[in-house]
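The form predicted on its own is given below as one chain in structure tokens.
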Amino acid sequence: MANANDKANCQGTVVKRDKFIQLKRAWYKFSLNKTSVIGLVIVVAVAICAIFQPWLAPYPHHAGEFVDFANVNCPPCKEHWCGTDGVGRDILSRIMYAFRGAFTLGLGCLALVVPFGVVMGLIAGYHKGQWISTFIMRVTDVFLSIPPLIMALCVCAILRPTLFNSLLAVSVSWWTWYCRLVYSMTSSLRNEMYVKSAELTGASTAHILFREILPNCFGAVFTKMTLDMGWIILTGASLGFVGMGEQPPIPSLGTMVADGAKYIPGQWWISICPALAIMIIVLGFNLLGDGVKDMLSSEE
């Protein structure tokens, strides 16, 4: 009995050591791309601001209903690093609070579209040539023919402008990219020997899809998720810019850019600072996505 326990403990130690070695190898491949490390730093910094903004924001009470006519349109200075807006609110504090909405939109959208799109892609790819595959891919083609921003604007025009409705509007057409990606990978993987072996042993379709094929799609799906975070946030900011995102006084990057547009070029900081925040987020996730792609690559 003692020998069996010792053997089990040794096996557990070996598994943990192998996982640690795999993590070190993955980090080494990721760190070779210095720009990806910069992207990771940007994303982590923005995430920290989004989570801890009540303690990090210099004027947290400016994120709500607040008016300070004594400091209206104040240019960037040591008290207000990004200046103030048309009613005297600190722009930097509002940007930090807007980061939470941006991350909520991105993560919530991915949480909805990735499982649905991946499952549809697996089914369509595995049953390629059958009616169910044809039906799924033709529906996908219909949604792909409409630009995501146009579809989101149409949905938001019907619904009440809120963060949750913006999330639903972006999700309506975003699943198609994951469906198309997984469909193409599944179409080729279904002819691999390990899939044929599972079929010959009587494995169920669900086992083949989720235990044999899906793990081989994780790398491409995760890379696309990282890249899509920036684009989803940019699409949400576009909805806010036209007044179909979160409504005032809730801070929203797109709404802040739109509100400051009427003050350009005199009070440029009101619009430029939120626009730079959007650019930094998108840049960070794009750089991070490149590193994730290198990290998950099967090439040595």
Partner chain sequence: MILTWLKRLGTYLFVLLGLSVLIFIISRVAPGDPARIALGPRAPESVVQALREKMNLDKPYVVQYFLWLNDAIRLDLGDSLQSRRPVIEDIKEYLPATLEIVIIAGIWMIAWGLLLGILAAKFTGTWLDGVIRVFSYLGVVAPAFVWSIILMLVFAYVIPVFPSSGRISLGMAPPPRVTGMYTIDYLLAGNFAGFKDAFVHLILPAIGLTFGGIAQSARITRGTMVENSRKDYILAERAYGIPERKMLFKYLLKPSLIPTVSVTSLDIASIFGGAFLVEQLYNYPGLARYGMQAVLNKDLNAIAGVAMVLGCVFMIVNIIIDIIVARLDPRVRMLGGEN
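If you're wondering where the values come from, they're calculated on a predicted model, not measured in any experiment. Positions refer to the first chain, counted from 1.
If you look for the form predicted together with the partner chain, you will not find it shown, but the lines that follow are about it.
The shortest heavy atom separation between Glu79 and the partner chain in the predicted bound form exceeds 4.5 Å. Although the partner is absent here, Thr205 lies well away from the partner chain in the predicted bound form, with no heavy atom inside 4.5 Å.
Contact annotation for Trp268: at least one heavy atom lies within 4.5 Å of the partner chain in the predicted bound form. Using a 4.5 angstroms threshold between heavy atoms, Cys154 counts as touching the partner chain in the predicted bound form. Partner proximity in the predicted bound form, defined as non-hydrogen atoms within 4.5 angstroms of the partner chain, places exactly one of 110 to 118, 95 to 103, 71 to 79, 138 to 146 at the interface: 138 to 146.
Using a 4.5 Å heavy atom cutoff, none of Leu40, Val44 and Ala50 lies near the partner chain in the predicted bound form. Taking the partner chain as positioned in the predicted bound form, the residues of 170 to 187 that bring a heavy atom within 4.5 Å of it are, in sequence order, Trp177, Tyr183.
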